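Below you'll find only one chain, the form predicted alone, shown as structure tokens.
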Amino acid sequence: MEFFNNHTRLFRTAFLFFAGLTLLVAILPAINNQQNNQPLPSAEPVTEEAMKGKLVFISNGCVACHTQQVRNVDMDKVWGSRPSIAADYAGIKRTDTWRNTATLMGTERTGSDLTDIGNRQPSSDWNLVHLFNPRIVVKESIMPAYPWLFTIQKETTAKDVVVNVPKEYLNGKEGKVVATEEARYLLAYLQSLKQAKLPDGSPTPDFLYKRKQAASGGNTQAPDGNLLYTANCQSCHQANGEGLPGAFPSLKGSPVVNGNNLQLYVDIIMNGYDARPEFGVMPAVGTNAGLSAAEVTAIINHERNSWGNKAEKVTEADVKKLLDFVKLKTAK
């Protein structure tokens, strides 16, 4: 009983017990994890702008709806080329001395997973329009708008990053939408989120619980061009194929879509296209999504026969030849 009556000895003992337990349960395991897990060799170092963008991401509560973890289940294939591993997070450090927001893996996927968003949607124009008002590019989006990350100016300079927003979304205000420094930092952070490739020879983790394909008697069903367009192209070119003026070109009546230069068409889908200053830069959608010749053919034929377009359909054999040529040209 004397021990419990001596408050000095009691609190000293409790403190030592707590400190020892913290060392054994938290500190030593953390040090062990740091020693055993290193960033992948192909992982790109985070820039200062991206680090500032991470703080903007945190302060605006983005982590509440977006995860950054590709689970090892088949349904997560759309978010990355492989399941996430410990090395993907090994290079992430504390935000600062007082805040330990090292990994933003999230707990709820109300919005899309952002693990590989830097590859999946690298377009600066799309991301900035989406941040200003997600409904501009995705009509059904439930994501909140972030207009405070932008200003509306009547006069702009060459240094300003102008965002092409349709007038109906400006609420009667006159001028051009300009991204603030915070918006540019957030953009840099989103573009930095790329799933690094594993070193050559390293086994790739499998996606589990794969969906079983129904027996088709040897007949393979052709890809659905409408679904592929919706998944890969609609967010920019819109469901009506008319795009957004000043941001994304219209495919309705497009000379590329309706023309005979199939090589240019395939090249644009696979490697993207820079049409500035008229439009923003299109990312390499086909390459990023790993589209096959059959899928590229389905998209092309859908676009060539929708929204009033009535161009001749192309064959998978023709696209495959051009696909091989485009890949060879890109490799050089």
Partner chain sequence: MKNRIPRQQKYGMVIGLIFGPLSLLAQHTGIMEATQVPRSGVMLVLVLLLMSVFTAALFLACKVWSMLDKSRKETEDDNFQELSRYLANMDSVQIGKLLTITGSQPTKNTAGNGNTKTVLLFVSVVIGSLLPSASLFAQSGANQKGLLSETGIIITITLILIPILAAIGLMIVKLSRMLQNQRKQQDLEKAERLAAYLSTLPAEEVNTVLQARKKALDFTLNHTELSGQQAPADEKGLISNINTRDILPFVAPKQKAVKRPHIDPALAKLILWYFGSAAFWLLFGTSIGEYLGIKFVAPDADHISWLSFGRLRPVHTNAVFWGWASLGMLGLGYYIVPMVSNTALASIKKGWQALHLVNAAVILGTLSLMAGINNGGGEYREYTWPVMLLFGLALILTLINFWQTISKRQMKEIYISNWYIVSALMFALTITVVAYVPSWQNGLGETIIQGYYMHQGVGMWFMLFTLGIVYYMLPQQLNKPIYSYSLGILAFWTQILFYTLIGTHHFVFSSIPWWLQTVAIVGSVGMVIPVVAGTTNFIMTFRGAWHKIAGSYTLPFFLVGIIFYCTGSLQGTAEAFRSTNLLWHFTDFTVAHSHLTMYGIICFFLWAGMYAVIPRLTGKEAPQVTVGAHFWLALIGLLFYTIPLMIGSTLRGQMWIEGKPFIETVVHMAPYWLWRAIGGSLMWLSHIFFVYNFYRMVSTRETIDVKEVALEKLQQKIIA
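Note that this is a predicted model, so its numbers are computed, not measured. Residue numbers count along the first chain shown, from 1.
What comes next is about the form predicted together with the partner chain, which is not displayed.
- This chain lacks the partner; the member of Lys167, Arg99, Lys159, Lys154 within 4.5 angstroms of the partner chain in the model of the complex by a non-hydrogen atom is Arg99.
- Among Pro245, Gly253, Pro147, Gly259, the residue placing a heavy atom within 4.5 Å of the partner chain in the model of the complex is Pro147.
- Picking from 189-197, 159-167, 237-245, 128-136 the stretch near the partner chain in the model of the complex, with a 4.5 Å limit on heavy atoms, gives 128-136.
- Among residues of the shown chain, Gln34 is one whose heavy atoms approach the partner chain to within 4.5 Å in the model of the complex.
- By the criterion of a heavy atom within 4.5 Å, Ser42 is excluded from the residues contacting the partner chain in the model of the complex.
- Looking at Ala222, you'd find every heavy atom of it more than 4.5 angstroms from the partner chain in the model of the complex.
- Contact annotation: Thr13 falls within 4.5 Å of the partner chain in the model of the complex, judged by heavy atom distances.
- Within 4.5 angstroms of the partner chain in the model of the complex, the stretch 230-244 places a non-hydrogen atom from each of Thr230, Ala231, taken in sequence order.
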